[in-house]
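Single chain ahead, written as structure tokens, the form predicted alone.
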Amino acid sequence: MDALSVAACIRAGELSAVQVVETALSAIERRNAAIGCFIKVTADRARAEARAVDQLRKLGGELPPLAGVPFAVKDLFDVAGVPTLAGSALRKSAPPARSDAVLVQRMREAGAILVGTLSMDAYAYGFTTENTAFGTTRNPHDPSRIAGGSSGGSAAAVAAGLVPLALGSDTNGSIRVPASLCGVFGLKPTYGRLPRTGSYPFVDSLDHLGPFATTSADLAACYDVLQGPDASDRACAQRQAEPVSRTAADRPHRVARLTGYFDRYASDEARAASRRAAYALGAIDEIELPEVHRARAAAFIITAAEAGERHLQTLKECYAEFEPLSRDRLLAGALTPAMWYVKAQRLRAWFRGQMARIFARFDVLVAPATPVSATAIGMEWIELGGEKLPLRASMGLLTQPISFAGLPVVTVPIAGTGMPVGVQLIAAPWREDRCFAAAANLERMGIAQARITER
């Protein structure tokens, strides 16, 4: 059952929050071992919060919008009383968090009930959620395949029907990639829209937080309760635009499909998905983004330099214990020349200007979210556009240039057979409403549809 339906049933007295939470906890206990998405189950907290929701209803109090809806969070969000591991074995001895992250607090204030923390790539550096210390998260639609990353646990938990909502993070594609591979809806908001306070950072100048859901309406409802400035996050200290999300009555009038780079590095299946979505939204134009290869390269430089600097001391002291799938990349990033970083940031400002010119002509841009559908666990290489490329980095080929510009994106799962594949619906900064409007229209037409497996 989707989140809004759960909340409506609890509000009407057709279900109790305790019933809903016990069902979720039972499903997690029964199925998590096969998927590997939960790191910590917060059963005692969930039961206490569920009893509080039921008591509020019994007393005739007004229930908040997500009252009784179970949710879970990527294990880089602080949860009071639980160590924030950020996917790293080196943090197993970290003290428990003293308080919830801001977005976890806002979910609780909206009545949602936290049932646990979710798996991820170590320190959020990866696109596959193959974690040496905590194990691999498996795709619920085919356990021999990856769930994507780094928010793989979040997408897998929603796709498996264990929770209707989950929170994750996206630096270069870590919400959009697993949403695409697991067949669920995901939002990467405008950079600075949602506060990151109380989350373990990866790359300050690129990190975003956002939700996963099974419908566009659930995604919008979750996004609504998460919004608001926060003085502790300088990127989100002041609201820079009205926090719109609700889907518009009509479709965005000016839609274009991204081609060139976005076609070259997409499989036939991913390309077909973007064409299907774009044409359903009335797209006539096909456009190429300027210098998109350089934008992705610059994003890599910024990511490597900032993340490498953040973890350099730990790498010096505990190299052997560090995640082997990312330690060499982080160490190399720490050695990035300062001039490369400066030039990358200059290109970022220029690229944002170019995107602003494009959005003067179009409301929404459509592009594949991942080059391919989910690949086999352990696979190292992929061939795209006639090139043999490293798989773990290349899953972000189509997402990285978009987050480089800080643009809002709703990833929608395209209905079809076989393994899921998703499409990015991209809008100008602060215009998440246009992304949601496009997503809702595709959902109404039956083109966007979440793939949920409840075995």
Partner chain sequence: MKRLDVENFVIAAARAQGLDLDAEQLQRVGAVFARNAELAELMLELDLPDSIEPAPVFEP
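Numbering follows the first chain given and starts at 1. Source: prediction; values computed, not measured.
The next section is about a form of this same protein that is not shown, the form predicted in complex with the partner chain.
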Would you point out which of 65-73, 40-48, 25-33, 425-433 contains residues with a non-hydrogen atom within 4.5 Å of the partner chain in the predicted complex?
425-433
Contact residue in the predicted complex, from 56, 415, 419, 389 (heavy atom within 4.5 Å of the partner chain)
389
In the predicted complex, which of the listed residues (348, 271, 141, 108) lies with a heavy atom within 4.5 Å of the partner chain?
348
Consider residue 340 of the chain shown here, and say whether it contacts the partner chain in the predicted complex, taking contact as heavy atoms within 4.5 Å.
yes
Any chance residue 197 has a heavy atom within 4.5 Å of the partner chain in the predicted complex?
no
With the partner left out of view, is residue 257 within 4.5 angstroms of the partner chain in the predicted complex by any non-hydrogen atom?
no
Using heavy atoms and a 4.5 Å limit, would one call residue 280 a contact residue for the partner chain in the predicted complex?
no
Given a 4.5 Å distance limit between heavy atoms, list every residue of 404-439 close to the partner chain in the predicted complex, or none if there are none.
404, 405, 406, 429, 430
